[in-house]
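In structure tokens, one chain follows: the form predicted alone.
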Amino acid sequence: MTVSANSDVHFDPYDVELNADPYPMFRRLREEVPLYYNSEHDFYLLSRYADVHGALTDPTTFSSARGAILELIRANIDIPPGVLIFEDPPVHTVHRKLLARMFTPRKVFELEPKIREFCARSLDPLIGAGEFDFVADLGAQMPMRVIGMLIGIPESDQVAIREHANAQMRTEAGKPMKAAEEGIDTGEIFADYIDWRAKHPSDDIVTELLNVEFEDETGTTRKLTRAELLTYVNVVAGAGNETTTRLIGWAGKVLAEHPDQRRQLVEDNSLIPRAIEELLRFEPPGPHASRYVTRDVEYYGQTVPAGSVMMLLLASACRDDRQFPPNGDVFDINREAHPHLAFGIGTHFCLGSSLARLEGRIALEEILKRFPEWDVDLTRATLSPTSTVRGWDAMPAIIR
């Protein structure tokens, strides 16, 4: 069934109060209105794991070519070539293969010593301070340094680049993202770095992208255009910062609220990878993705017409009891493993998922090594005001 006008089952991605704790409403959506329609913003929504999984793995019906964010699809703006998350096969397949070369398991594994070093740089000065902000003191620093190293951005410029990337995702509280009105950022901020790297090649992503030859969707063998390269770097810079920053913030809050499980991790570090997966499932940084519906499709006896926008509620799917029994709303690092959708699935499965998992694991190992017990101060915590990513801009903790 779809929601009726007088129903109190309601989801609005721009509702600040609702998004502060959306999970009770997510449960009602799953159980009462598995196909929901929001007339104010004109979108349909799927919330059950099986439905969301099915839609994510059907790019022919649920297209990303007009964007993967509600307001972008509604605005019908031009998408620059190279924005992987806003492309369909075969163009997406070509572009994804190019970037996949930069994130092979071997290349990601080799980053571990540097990631650990970056964590130590952030955490060691705080020993004995009595306080620690999971976002400002680590989450906003370590991922930025890792991506800066991979792209070749000098440390002196990394904060400005991170803030630029974050600004593209941020919205005023309760409002859509600005890109819907201003258009997708084309990455011009990276132009000088790319020009410099063209003259001074190194062992980084930009050098490899400058030199790689590939066969595009027309069968032509060529190199990336300047516009494509700028967009690629812009995408990597934004995605590489956001997920791990939010993950670290949620780790601070959730583990403070589950001290017994935190003690388990202190006593047995081998449980940390499982804890990272459970954190991603329990509080996925990307709560939803949207798609343009290319043909009429039916759910629960109702037709979703071609031309509609379908929002796929990843955060709800990740708590569906059908996939995560007996209760998906319970955080449990000892839970039997089942695949979650925090990184998506199918064509648009997150290219940087291995890096995010590695960064999350190392960050948690290094935090617990220095600060095994803490309490978060939610009176000073601030939730990021954005409709596209859910996480904390500040998560201060008192070290015990």
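Note that this is a predicted model, so its numbers are computed, not measured. Residue numbers run from 1 along the displayed sequence.
Just so it is clear, the following notes concern the form predicted together with protoporphyrin IX containing FE, a form of the same protein that is not shown.
- Contact annotation: protoporphyrin IX containing FE lies within 4.5 Å of heavy atoms from the stretch 228-236 in the predicted bound form, the single such stretch among 228-236, 134-142, 257-265, 206-214.
- Although the partner is absent from the chain shown here, L56, A68 and G240 each have a heavy atom within 4.5 Å of protoporphyrin IX containing FE in the predicted bound form.
- Residue contact check for F349: one or more of its heavy atoms lie within 4.5 Å of protoporphyrin IX containing FE in the predicted bound form.
- In the predicted bound form, at least one heavy atom of R291 sits within 4.5 Å of protoporphyrin IX containing FE.
- Using a 4.5 Å cutoff between non-hydrogen atoms, F343 counts as a contact of protoporphyrin IX containing FE in the predicted bound form.
- Proximity of G286 to protoporphyrin IX containing FE in the predicted bound form falls within the 4.5 Å heavy atom cutoff.
- A heavy atom within 4.5 Å of protoporphyrin IX containing FE in the predicted bound form is found for one listed residue only; from I85, L98, V297, I77, this is I85.
- This chain lacks the partner; the member of V309, C119, L280, L313 within 4.5 angstroms of protoporphyrin IX containing FE in the predicted bound form by a non-hydrogen atom is L280.
- Along 243-270, a non-hydrogen atom within 4.5 Å of protoporphyrin IX containing FE in the predicted bound form is carried by T243, T244, L247, in order along the sequence.
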